[in-house]
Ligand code: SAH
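Before any questions on how it binds or moves, here is one chain, the form predicted on its own, in structure tokens.
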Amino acid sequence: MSLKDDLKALIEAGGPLPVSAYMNACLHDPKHGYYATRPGIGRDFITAPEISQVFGELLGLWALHEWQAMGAPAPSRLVEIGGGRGAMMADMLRAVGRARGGEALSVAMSEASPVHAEQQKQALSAFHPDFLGAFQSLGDAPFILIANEWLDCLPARQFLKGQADWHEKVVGLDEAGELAFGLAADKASDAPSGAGEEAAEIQPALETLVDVLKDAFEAVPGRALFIDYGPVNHVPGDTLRAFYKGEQVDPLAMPGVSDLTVDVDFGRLARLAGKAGLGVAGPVEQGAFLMSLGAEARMQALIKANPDRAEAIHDGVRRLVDPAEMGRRFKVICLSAPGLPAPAGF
């Protein structure tokens, strides 16, 4: 049986599923889930570290700088959540190694996908990383945490507004027995405040993330840097999208086979973190952040060392920083333990 068959049977037995439950099953079902069985970096989508090594190198130097700004506590951890095939961490560690001074930083990966975890073990074997499993606890050592395109995979609840009341969007079955979107019969009492007139989307796990960081920062100093796409000044509407072989497809067409993603509400994340007493820097646009860290200078150095690859190197960095490409749509936010100085790049 496929995941679609399993979902149909589940809905027939227990009724429609919230969009968040559908999204979680599609991405993480142990037998058929996308990230559990067939994550498609380079096939269904591509991320910044796969576009240019400059991305990971700059983040590695940023992490080293921020660890030193914390007083270079030893031991400390450099943590990545949702590290894909390990490309970004490998680039970060190469940059840290060239700069010297980060010997007290051990490497830790938090990865929900067993496929990606195995790829990371191979790519990073020389650095002997610890594997924390799914993101739950950060341990008891000071840390610098970085996550690129991880927040957008956190399941989202969706709400639609009728003439007067909000109702939660669900996945049920149509008259032909196929998966279809619908609305819960009862009105929703927990639609997000500040939502637009017709649709709203909320990721409950953002609250859990802030709680985990708050608990960690009560014990040790640290910073957590998140890079993803989404708005700052409004609640996302219906942003659920699916991708297969680089093309956008119907989110209900191939559950477990296509990737699912939503926009991240950076404004809400900043408000949650501030309310919890964390230091909040940003969000700022990715292009401005990378340029402030020296993207132009690093690109020119790479071109000088590799003139035969000059066009490819330039094109990769351009995609990361150009407002018409990833530079404006992607945002960067840093959440820190209280009392630390402002982080670089903000």
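From 1 onward, residues are counted along the sequence shown. Just so it is clear, the model here is predicted, and its values are computed rather than measured.
Not pictured, yet referred to below: the form predicted together with the ligand.
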| said: Tell me which stretch of 172 to 180, 144 to 152, 271 to 279, 245 to 253 has a heavy atom within 4.5 angstroms of the ligand in the model of the complex. | reply: 144 to 152
| Do residue 28 and the ligand share at least one heavy atom pair within 4.5 Å in the model of the complex? | yes
| said: Taking the ligand as it sits in the model of the complex, is residue 81 in contact with it (heavy atom to heavy atom, 4.5 Å or less)? | reply: yes
| request: Would you check, heavy atoms only and a 4.5 Å threshold, whether residue 76 touches the ligand in the model of the complex? | output: no
| Should residue 293 be classed as touching the ligand in the model of the complex when contacts are defined as heavy atoms within 4.5 Å? | no
| note | In this chain shown alone, the residue from 66, 285, 44, 50 with a heavy atom within 4.5 Å of the ligand in the model of the complex is 50
| field | Partner-contacting position among 160, 107, 112, 216 - heavy atom within 4.5 Å of the ligand in the model of the complex | value | 112
| remark: Restricting to 214 to 240, the residues within 4.5 Å of the ligand in the model of the complex through any heavy atom are none
